[in-house]
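Below you will find one chain, with nothing else, as C-alpha cells; this is the form predicted on its own, and questions on how it binds or moves follow later.
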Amino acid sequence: MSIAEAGITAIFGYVVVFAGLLILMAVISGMGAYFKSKEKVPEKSAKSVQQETNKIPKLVKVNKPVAKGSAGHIKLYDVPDKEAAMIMAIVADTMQKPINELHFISIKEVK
C-alpha cells in the first residue's frame, strides 16, 4: 500500500466515523424533541388557577401557648431545622441535662 492509498483510506475512515457521529447526534436530538413534546402539560387558564387557589386554606398566624415542658420558640438564622435539632441534642448531651430543661433563644451559623 502506497502513501497515497493509505492517505485516501484514512480520509475515508474519518469521513465514515464523522458521518456516523452526525447521524447519531440527529437521532438523539430527534428523540429528545419527541419526549419533550410528550411531557408538555397544557397551560391552565387564569380562572381555573384562581379556583384552585381558593380551595387552598389560608394560613393564619396564631400565637399559641407553648407546650408544657417546652422552652418556647427558637430563632434560626441560616440553619436548617434538622441541623438545629442536632445542635440542641448535642448541647443537651454534653451538659447531661434533659433537653426540655434547656432554653435555646437562637441558633446562628457562623460563617
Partner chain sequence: MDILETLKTLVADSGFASFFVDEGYKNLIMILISFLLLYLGIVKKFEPLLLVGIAFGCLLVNVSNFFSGGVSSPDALYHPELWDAFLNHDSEFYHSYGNIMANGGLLDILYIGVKSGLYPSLIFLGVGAMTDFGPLLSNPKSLLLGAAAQMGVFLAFFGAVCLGFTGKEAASIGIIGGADGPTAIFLTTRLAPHLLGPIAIAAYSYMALIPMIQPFFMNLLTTEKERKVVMEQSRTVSKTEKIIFPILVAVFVILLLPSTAPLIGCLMLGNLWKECGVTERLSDTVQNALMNIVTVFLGISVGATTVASRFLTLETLKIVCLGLIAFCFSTIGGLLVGKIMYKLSGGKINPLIGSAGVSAVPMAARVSQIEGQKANPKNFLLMHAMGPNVAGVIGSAIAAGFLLAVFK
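Positions refer to the first chain, counted from 1. Quick caveat, the model's predicted, so the values are computed rather than measured.
Separately, the form predicted in complex with its partner chain exists; it is not shown, and the next lines address it.
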Looking at the partner-bound form in the predicted complex, is residue 102 within 4.5 Å of its partner chain by any heavy atom?
no
Does at least one non-hydrogen atom of residue 95 fall within 4.5 angstroms of its partner chain in the predicted complex?
no
Considering only heavy atoms, tell me if residue 74 and its partner chain come within 4.5 Å of each other in the predicted complex.
no
Go through 22 to 37 residue by residue and record those having a heavy atom within 4.5 Å of its partner chain in the predicted complex; state none if no residue qualifies.
22, 23, 24, 25, 27, 28, 29, 31, 32, 35, 36
